[in-house]
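Next up: a single chain in structure tokens, the form predicted on its own.
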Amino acid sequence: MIATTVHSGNVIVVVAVFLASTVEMVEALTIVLAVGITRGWRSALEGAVVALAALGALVVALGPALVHYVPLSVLRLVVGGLLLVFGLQWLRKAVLRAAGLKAKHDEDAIFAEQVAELAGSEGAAGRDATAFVVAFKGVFLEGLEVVVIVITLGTTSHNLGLATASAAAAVVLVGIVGLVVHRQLSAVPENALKMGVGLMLVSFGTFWSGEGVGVHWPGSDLAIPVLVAAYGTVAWLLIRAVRPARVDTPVELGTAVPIVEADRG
């Protein structure tokens, strides 16, 4: 029974880290592709590689320190709070999009915006400082959220190596697909992924926050899928509750349409 519980927990950690990393790396890849097309591939790829190396160093440097010097109960409480913040943010946006109250996250629009911002000047034949910095910033900022998730999920589950490998697999997969497609990955169902990742992060946050304050969950890690299902049900009910009712009468001129402009989150 214990072995089954541990195995189930490992699978959930792998899936959560992989999905979160995939979402963020799709956004980072969009920026890198836009920079590479408009300013030159050499500097754009160098900036992306340096950013990935810096993010990897953060995981290696901070992960062991958290494991050895921070009490597990405190770590779980802090981690649970962080995951709840991340997860609720993602879940809120996913619910609003599914309900039609927020515009879909459009990688095509983001790609076009990045190209327009960078198309003012041509990159040099050698290294382009602007391309390097923009690519580095895009990959590093998007990857920071992945680093937080990798460290928190990896340390609290005592599987930092597994969480890191899962994130690395997502980075490699997105990179390979990017090389094949050679432009933004608009076909990836990112909005659906955000809903799934949001549910998983909120569930993990609830689980570890509870453990941090002494809650003993029935079935240990097996309680996490139950939390995912419970939050998924709540999200579905919220979508149905806030979705605007369809009307047959035409909308009068000047009537406000309850759609929020798309953002990058």
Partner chain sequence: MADSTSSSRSAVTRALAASGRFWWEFLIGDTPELFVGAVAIIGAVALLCLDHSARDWAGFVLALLVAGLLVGSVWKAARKAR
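Numbering follows the first chain given and starts at 1. A quick note: this is a predicted structure, and the numbers were derived from the prediction, not measured.
FYI, the form predicted in complex with the partner chain isn't displayed, but the following is about it.
Partner-facing stretch of 172-180, 157-165, 130-138, 92-100, counted where any non-hydrogen atom is within 4.5 angstroms of the partner chain in the predicted bound form: Result for this chain: 92-100.
Val85: touches the partner chain in the predicted bound form, heavy atom cutoff 4.5 angstroms: Flag for Val85 set to yes.
Is the gap between Val242 and the partner chain in the predicted bound form 4.5 Å or less for some heavy atom pair? Val242 belongs to the contact set for the partner chain.
Contact label in the predicted bound form: Val60 to the partner chain, heavy atom within 4.5 Å: No, Val60 stays farther than 4.5 Å from the partner chain in the predicted bound form.
Is it the case that Leu45, even though its partner is missing from this view, gets within 4.5 Å of the partner chain in the predicted bound form, heavy atoms only? Heavy-atom contact with the partner chain at 4.5 Å: absent for Leu45.
Report the residue, out of Val215, Val70, Val49, Leu222, that has at least one non-hydrogen atom within 4.5 angstroms of the partner chain in the predicted bound form. Selected option: Val215.
Quick one: Val11, Phe18 and Gly56 and the partner chain in the predicted bound form, is every residue within 4.5 Å by at least one heavy atom? No residue of the spot touches the partner chain in the predicted bound form.
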